[in-house]
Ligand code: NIG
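Shown next as structure tokens: one chain only, the form predicted on its own.
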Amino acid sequence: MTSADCVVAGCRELLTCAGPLPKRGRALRDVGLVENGWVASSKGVIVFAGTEDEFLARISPEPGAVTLDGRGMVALPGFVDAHTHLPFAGDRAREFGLRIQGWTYQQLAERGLGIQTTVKATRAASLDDLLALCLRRLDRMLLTGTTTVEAKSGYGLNLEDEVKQLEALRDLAALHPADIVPTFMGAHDVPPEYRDRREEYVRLLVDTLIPEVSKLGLAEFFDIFCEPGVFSIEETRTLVQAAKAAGFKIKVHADEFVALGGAELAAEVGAASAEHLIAVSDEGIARLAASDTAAILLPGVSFFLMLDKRAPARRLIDAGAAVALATDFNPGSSHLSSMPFVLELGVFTLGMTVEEAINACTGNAAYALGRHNTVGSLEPGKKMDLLLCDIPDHVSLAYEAGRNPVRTVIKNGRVVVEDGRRAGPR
């Protein structure tokens, strides 16, 4: 018998999302459904996920083991948010009002607003300011079931303030139960002081920022915004080469507004992910489908910017790409942090099935971060990151649109949200 110190018993539906990752094509519809499912863990690691009869035959709860009643509930893995811009200061509510009046995201950027507004506020904020902001945001994310969060810098655009953002992420990892995956995005935009000499900023990134951030060990990934008016294909290639040489894994903001070829480049350089892809070309879809590069779709952007165009999720899935979903939480183009809402948008606006959207928010998202061996599914050997949702079946994750179904969150075998409220110490 295997001992366990945490047991979730008798779930109406248990979605293990088990199986080889990433899931592609028809495999993306397999959520590993077990009726009357049980899950058990020891010291934060899953030791069992399956039926009641199998549990009784194989698992021995320790004296004093935490046991949660899953009757009437749907259990699934903790959500993995694979694309956020978490550590920023200020807001862009005024610009949101202008967009409602018809201004485009690009028009705002041309007038020095957009990302530059947040750069100014983030530069003025202290490390403690950023840390306090991020803790509140992470608590909101946790309440909606997010247990692993990728977080990008990119609102400093100089060494001091990029490092400040990444130091906030480092400190967060010690203060909050959610797992933080840090990404350096000094190539989010060209800062205002380099607007008329952008080549110098690219050189500054290559010669100073990339090597210094690498030396400090504050980030795992390097991300770049490959888009007209931001960084060209040639500049992206130069920066990617420098980042890879410095030891970073690569992510690319690709083909968000224009089919520039960012997806093709991401696949070519072996990037972990290409992200956005609203305007991805047929060739980009084919290249991603034939590669190990994940396609992270951010339906909140089209929703929040009120765009008619959306990422071609159906074509990407049918071609065989490794599709994931994420929030793109940021103050300008997707000011939303709820993964259940992103799951709903995947279904209602991208044409995904509920099962595809669930896997895209869990196992495939974990794959996009290189975390699929530890999170993203409920299988022995992985972290006990589990959600209990107060819904009659998993289809209701989308069918009961507009509400947060998450009642309990277990992170590393510890209850951190109970009855919809934050539980225990940070």
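These numbers were taken from a predicted model, which means no experiment stands behind them. The first residue of the shown sequence is 1; numbering continues from there.
We do not show the form predicted in complex with ligand NIG, though everything after this point is about it.
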Looking at F303, F341, Y201, F225, which has any heavy atom no more than 4.5 Å from ligand NIG in the predicted complex?
F225
Note which of T147, T236, T122, N330 lies within 4.5 Å of ligand NIG in the predicted complex, where distance is taken over heavy atoms; exactly one does.
N330
Among 193 to 201, 344 to 352, 176 to 184, 249 to 257, mark the stretch whose residues have heavy atoms within 4.5 Å of ligand NIG in the predicted complex.
249 to 257
Please tell me whether any heavy atom belonging to K164 falls inside 4.5 Å of a heavy atom of ligand NIG, as the geometry stands in the predicted complex.
no
Just checking whether Y155 would be counted as a contact of ligand NIG in the predicted complex - the rule being heavy atoms within 4.5 angstroms.
yes
Any of the heavy atoms of R92 lying within 4.5 Å of ligand NIG in the predicted complex?
yes
Taking 4.5 angstroms as the cut-off for heavy atoms, does A272 touch ligand NIG in the predicted complex?
no
Across 74 to 105, the residues having a non-hydrogen atom within 4.5 Å of ligand NIG in the predicted complex turn out to be H83, H85, R92, Y105
